[in-house]
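One chain comes next, on its own, written out as structure tokens in the form predicted alone.
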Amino acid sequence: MKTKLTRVCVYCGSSSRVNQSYLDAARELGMVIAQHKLTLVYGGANVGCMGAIADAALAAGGDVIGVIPKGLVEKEVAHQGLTELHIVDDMHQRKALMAELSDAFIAAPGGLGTLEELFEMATWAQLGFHTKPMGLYNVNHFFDGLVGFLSHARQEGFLADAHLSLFNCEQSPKQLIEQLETQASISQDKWW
């Protein structure tokens, strides 16, 4: 069933030690999300790519919802200028609320947390817990190695073709958002 996207969850890094091109790309994605009249749902921090995407979406007139565990409010420096900021007890509640609030998921460049969030949503899709579209924002070919690994896992029989194709992978934020809007749901193929 195709549904209209209203909220897009973006997983991305909070580190400020990254190459400037990643911060610029996060800003571009935030701007494009706002231009498409979508609400950004993200991890609630005001630093690194997380802060860059939120600030850009807000500056472009968009709404931004942050979700952050109380234990990370100071560590990740919770963004105080958001449309909504939800402070939850732990990471499990953060991920569950972000998933509940969102119609689609994008992984932008990030570290272990970003990958963990991405793969939890992919696993939920594989198990049929959701049919929300997913994408990889492939800035500077950041996800090429991951896509290669997933292809290898498919060749070795650990992934079905349908699950290898869960991820729309694009270098252009505009094209990625348009793909997610067009897809609006993923197939319910069984994982086994």
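When you see a residue number, it is the position in the sequence shown, counting from 1. Keep in mind it's a predicted model, so treat the numbers as computed, not measured.
From this point on, the text means the form predicted in complex with ligand AMP, which you will not see here.
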item: E117, heavy atom within 4.5 angstroms of ligand AMP in the model of the complex; value: yes
item: Any non-hydrogen atom of A78 within 4.5 angstroms of ligand AMP in the model of the complex; value: no
item: Residue contact check: L85 to ligand AMP in the model of the complex, 4.5 Å heavy atom; value: no
item: Ligand AMP contact in the model of the complex: L97, any heavy atom under 4.5 Å; value: no
item: In the model of the complex, residues of 97 to 115 near ligand AMP [heavy atom within 4.5 Å]; value: G110, G111, L112, G113, T114
